[in-house]
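What follows is a single chain, given as structure tokens, in the form predicted on its own.
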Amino acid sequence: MRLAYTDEGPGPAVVLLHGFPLGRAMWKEQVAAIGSMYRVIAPDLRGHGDSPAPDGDYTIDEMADDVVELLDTLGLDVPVVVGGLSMGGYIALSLAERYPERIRALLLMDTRAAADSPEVAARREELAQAVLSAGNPSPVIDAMIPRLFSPWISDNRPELVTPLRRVMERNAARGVVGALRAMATRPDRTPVLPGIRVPTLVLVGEEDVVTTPVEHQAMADAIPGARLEVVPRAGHLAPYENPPVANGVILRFLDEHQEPPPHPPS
């Protein structure tokens, strides 16, 4: 599937995968800051933003395959840095398991490796049915907005909420339903974590109530050599809520793990 995407900046490629039900617009501050030194590629995932929203249920692995197809289209046959937030993190872990040769380093942000519990999967299906009935994503938006942002953002930076709500509202109902069912049926990738052999940054908002700092600590502990960073004044959308801190952490990680220069010809 041909994804819509942003592709800006020089240097080694960093692929950023957005959360649900968002779009590549959530990475605006990362494209500006990280894109001054690295090539930032941020797609709209299947069913989101300007990318196609095919009918039917999706899977996380299909969404990961879409990303690989984009890399192939861009001629990126060398390993790249892949970063994913929330649903984007599920896709990043699918890539790490199924296409490890395509990944040079990982950024796992406000996400988890475990599968949905039966209760969470059932709640996703309830939301899918509500979206189908409404014909638009408003049931998901109304359910999620209160849980995405930290209380500090809600009290001090409420202007950050409206632009993201508008991004969510642009998504087609069928894309939102497809992604809900993809997340509900995704496999448990906790067993994959000890086998990850690339540098990994695990980043979480200090006030993330969807995927908590405690969960992220466990994930970092399971990945050999992984580093955990907790972003203050941020909830489930840490890079969006507190970009100065998140960008600084990400840039330090990227600088520490730069692509090695090519060997000179003998």
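A quick note: this is a predicted structure, and the numbers were derived from the prediction, not measured. Numbering starts at 1 and follows the sequence shown.
Quick note: we don't show the form predicted together with ligand MLT, though the next part is all about it.
- Contact with ligand MLT in the predicted bound form, judged by any heavy atom within 4.5 Å, is made by just one of V198, V210, I60, A220: V210.
- A heavy atom within 4.5 Å of ligand MLT in the predicted bound form is found for exactly one of A172, A105, M183, L193: M183.
- Stretch 80-88 is the contacting one of 93-101, 80-88, 67-75, 155-163, since its residues have non-hydrogen atoms within 4.5 Å of ligand MLT in the predicted bound form.
- Though the partner is left out of this view, F253 does not reach within 4.5 Å of ligand MLT in the predicted bound form, counting heavy atoms only.
- Ligand MLT in the predicted bound form comes within 4.5 Å of no heavy atom belonging to R189.
- Among heavy atoms of H216, none comes within 4.5 Å of ligand MLT in the predicted bound form.
- Ligand MLT in the predicted bound form comes within 4.5 Å of no heavy atom belonging to A128.
- Counting a residue when any of its non-hydrogen atoms is within 4.5 Å of ligand MLT in the predicted bound form, the one hit in 127-162 is M144.
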